[in-house]
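Only one chain is shown below, in structure tokens, and it's the form predicted alone.
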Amino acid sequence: MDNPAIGRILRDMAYDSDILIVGGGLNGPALALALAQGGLTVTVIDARPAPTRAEKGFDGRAYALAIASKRLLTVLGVWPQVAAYSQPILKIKASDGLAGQGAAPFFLTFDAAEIEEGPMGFMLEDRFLYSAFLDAMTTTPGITLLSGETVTQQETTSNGASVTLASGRRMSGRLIVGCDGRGSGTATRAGIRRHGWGYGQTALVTAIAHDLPHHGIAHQFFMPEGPLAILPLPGNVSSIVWSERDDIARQIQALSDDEYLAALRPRFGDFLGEIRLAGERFTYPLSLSLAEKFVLPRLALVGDAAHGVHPIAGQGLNLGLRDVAALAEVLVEASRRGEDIGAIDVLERYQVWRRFDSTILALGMDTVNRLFSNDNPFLRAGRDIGLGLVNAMPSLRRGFIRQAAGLAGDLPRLLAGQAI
């Protein structure tokens, strides 16, 4: 066809949207915005009623957004809407410890000043980020949001892809992207197998108010039963992700609020003064889940649908946003060259870009969790000395900080703060 514009119009007539995104959590909206900015049309199918989620109070979900993730959100136009609700992370302190005994003498401190990029990250509650995504999707041309709809069937052919919704409606596109979490129906319907295991740990999650300021410092205490993360939120409030053995976690979650705090205090310590609950209490089972493939013809997986990881380093959402940035860049550039964005050779560029990095990081977090989630005296001595040695080596420490901040490796343009 001689006229590209006419060719594009004719192609679009055959589909409801270029891309069908299944899952409207956070990765789905982020990908939709990135693709729409690149000139593609997108339908986001979200099983949850959007306004209800946007209006909730603290629901246990708060994220440590890396510098690179903040750059992506800025390019997408979302960050200005949430910046006032965020808490800069200025330092991270990691230490071994036992409940009631405090931290071990050896500890590791990461300071944002070492990389001269400003804060090394930002804490932000899910409710604020999702609400900003919702506003952006409803005002961005090229995005259709189907809220409260569930996919029951999907089909891919050499020419396109389609999904059937529980309402009976059928949607067609050139490509299906699964952003539907660890139990991804998109992956299951496509026959993509998963590898992984449970950790025998459950995360107890809530918000804690405390008398003393946190000064923007995030703490990671490694306890024998599992890590305890204390993550700063605006004001004298912190989000905690408290990992315990499944049986212990069930017992703690069943306690009254006062009893829950009594169990937490020996682990939390008194460095922030008196503590009290500032939100509801939630639990999440912890596991590792890696998809055997990230792509098939006319299908791609993003975020937890591709790789569900342990929250020990707070990298789950950051990994997903790296997927978003890479896949968006691959698809937008392929479309501009006139390529078929659902073709396997195009989608494999995304898989090559993201699969190795995300798998290595997932297995690395798995190793750290196994190394620290025990009370073996020999391992305790070795890891404590190791923390102290890393703390004494500035160049190695800066490397860890840049990795955690999402500044290392082959960055997609969105993560560098550049439009596609």
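The structure presented is a predicted model; accordingly, all values stated were derived computationally and were not measured. Residue positions are given as counts along the sequence shown, with the first one as 1.
This next part talks about the form predicted in complex with a small molecule, which is not shown.
- Using a 4.5 angstroms heavy atom cutoff to the small molecule in the model of the complex, all of Asp46, Ala203 and Asp304 count as contacting.
- Of the heavy atoms in Leu327, none are within 4.5 Å of the small molecule in the model of the complex.
- Interface residue remark: Asp180 is counted as part of the site for the small molecule in the model of the complex, having a heavy atom within 4.5 Å.
- At a distance threshold of 4.5 angstroms between non-hydrogen atoms, Asp96 is out of contact with the small molecule in the model of the complex.
- Using a 4.5 Å cutoff between non-hydrogen atoms, Ala64 counts as a contact of the small molecule in the model of the complex.
- You can rule out all but one of 293 to 301, 249 to 257, 343 to 351, 315 to 323: in the model of the complex, only 315 to 323 has residues with a heavy atom within 4.5 Å of the small molecule.
- Taking a 4.5 Å heavy atom cutoff to the small molecule in the model of the complex, the contact residue among Ala50, Leu40, Leu361, Leu26 is Leu26.
- Between the small molecule and the residues Val151, Ile217, Leu108, Ile143, the one pair within 4.5 Å by heavy atoms in the model of the complex involves Val151.
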